[in-house]
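A single chain comes next, written as structure tokens; it is the form predicted alone.
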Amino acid sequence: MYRTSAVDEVILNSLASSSILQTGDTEKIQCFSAALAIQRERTDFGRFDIPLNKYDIFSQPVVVPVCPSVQIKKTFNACPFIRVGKIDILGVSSSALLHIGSVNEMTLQSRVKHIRNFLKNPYPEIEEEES
């Protein structure tokens, strides 16, 4: 038995980078985000064309754990509502989802490659792997 979600108030400060705020029942949700997070010691404005396929993290297959077989469960909900007073969230980002309601199936995936560019290698004993 589906229940109806009732939320009195939602305060969301930031919704960014392919994120979703969804209310209501949903059959299927698929969110995907791929990003390069580049931190530079020196500011260098301009255009950067860095192909994501240069990094293995964006092409490696996702290992999905095998779920145990479904057990039959019978539940009786005396109240058909899930009632929440207030939801207060600072931010939803990078293919994340704030969903109020029921979802039958969802797949959420976010891949971020963090890169730090220094003017001088702070770790000379370690060779650079990728530039």
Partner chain sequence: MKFCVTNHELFVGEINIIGVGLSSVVLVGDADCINLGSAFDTPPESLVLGTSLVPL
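Residue numbers count along the first chain shown, from 1. Treat the numbers as computed from the prediction; the structure is a model and nothing was measured.
The form predicted in complex with the partner chain exists for this protein as well; it is not shown, and the discussion that follows is about that form.
> Does at least one non-hydrogen atom of T43 fall within 4.5 angstroms of the partner chain in the predicted complex?
T43 lies outside the contact set for the partner chain.
> Output the sequence-ordered list of residues from 96-122 with at least one heavy atom within 4.5 Å of the partner chain in the predicted complex.
Residues within 4.5 Å: A96, L97, L98, H99, I100, G101, S102, V103, N104, E105, M106, T107, L108, Q109, S110, R111, V112, K113, H114, I115, R116, N117, F118, L119, K120, N121, P122.
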